[in-house]
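Presented as structure tokens, the chain that follows is alone, the form predicted on its own.
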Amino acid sequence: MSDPHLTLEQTHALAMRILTRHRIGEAQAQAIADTVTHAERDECKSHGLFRIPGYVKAAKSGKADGHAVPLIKDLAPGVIHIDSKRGFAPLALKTAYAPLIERTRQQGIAAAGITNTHHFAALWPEVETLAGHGLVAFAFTAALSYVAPAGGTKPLYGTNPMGFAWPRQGHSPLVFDQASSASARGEIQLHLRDGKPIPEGWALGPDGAPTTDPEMALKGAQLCFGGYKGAAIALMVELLAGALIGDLFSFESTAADNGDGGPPTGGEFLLCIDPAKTNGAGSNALAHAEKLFEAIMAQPGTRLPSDRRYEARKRTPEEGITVAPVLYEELQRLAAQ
């Protein structure tokens, strides 16, 4: 029997039906459903429909406010603060885009701190959106304590992803989004669901020994990519998405978490740069960058970050998506409740 198949329109409608039936208001639900559908469109399964039950759990437990309205405050000419009011990050991000873009164009560089929010998605949607307006964009967020520091065996950092996007003339933006851990948390969860071992080097078990068992990995500690190099990046993300904007470190978020399985409480830091205002040489930064991209692609076997997602984006509007049967059954139960 083949896996259940959905169009992107059906994917969005299913997400909306579930979210609005479980204490999540229309505005919050629309932003979440957009984000989840975009992940499925780009074949980013670990951040697509797979995340819907977690959003529901956070709203039903009361950890997150599914009806929250984000509040914007100016902190400086090039700095804005968005209080998510315990809502989910997708709506807070939608609220931040216009003022952040405006201030970046005015100042040449601008930053936004989103606090008191629940981030459960990939970072590429926000940086790609900002790059679509001709801006260079960075995004950073922490999580719950899942990852051991370099040399350690106990969880302390979050998976602490970072996103980066570079605008291109005549092309979709160059985008990358990667955890500072060797894998995203969701990838281990997918391996557990599908009964597959995880690769070596992803995690330690509760006893501190390396493991390929996803269940033991989730009970133990994930590892950073590249050892101490990845751990240094995880530390940087903790500082940017925590102390810098006045929100929680991953271990503080863990201490405050109610264990409902939903997204953690925390913050996100966004930084935007207008390449039209930062090039003292007077040259076209975007045109110059294309020379680098051409040199990369001149070597057989290479590709640019996000190329696979863009290829998937061409297919899925026509072909639709498949959903793992166990997830589909769970989603149908949630939709019927």
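Keep in mind the model is a prediction, meaning the values are calculated, not measured. One-based numbering along the sequence shown. Whichever C-alpha set is largest while still superposing within 1.5 Å between the two forms counts as the rigid core.
Although it is not shown, the form predicted in complex with a further copy of the same chain is what the next lines describe.
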All of Ala64, Tyr97 and Leu144 with a heavy atom within 4.5 Å of a further copy of the same chain in the model of the complex: no
Note: a further copy of the same chain not shown here; in the model of the complex, the stretch from 54-62, 35-43, 22-30, 272-280 having heavy atoms within 4.5 Å of it is 272-280
Considering non-hydrogen atoms and a 4.5 Å limit, does a further copy of the same chain approach Tyr157 in the model of the complex? yes
Does Trp166 reach a further copy of the same chain in the model of the complex, with heavy atoms at most 4.5 Å apart? yes
Within 4.5 Å, heavy atoms only: does Asp213 come near a further copy of the same chain in the model of the complex? no
Does at least one non-hydrogen atom of Phe249 fall within 4.5 angstroms of a further copy of the same chain in the model of the complex? yes
Which one of Ala256, Leu192, Leu244, Leu71 is close to a further copy of the same chain in the model of the complex, taking close to mean a heavy atom within 4.5 Å? Leu244
Residues within stretch 159-179 having a non-hydrogen atom within 4.5 Å of a further copy of the same chain in the model of the complex: Met162, Phe164, Trp166, Leu174, Phe176, Gln178, Ala179
So with the core overlaid, does the Cα of Arg185 end up 2 Å or more away between the shown form and the other one? yes
With both forms fit on the core, is the shift of the CA atom of Gly151 between the shown form and the other one 2 Å or larger? yes
Superposing on the rigid core, do we see a C-alpha displacement of 2 Å or more at Gly220 between the shown form and the other one? yes
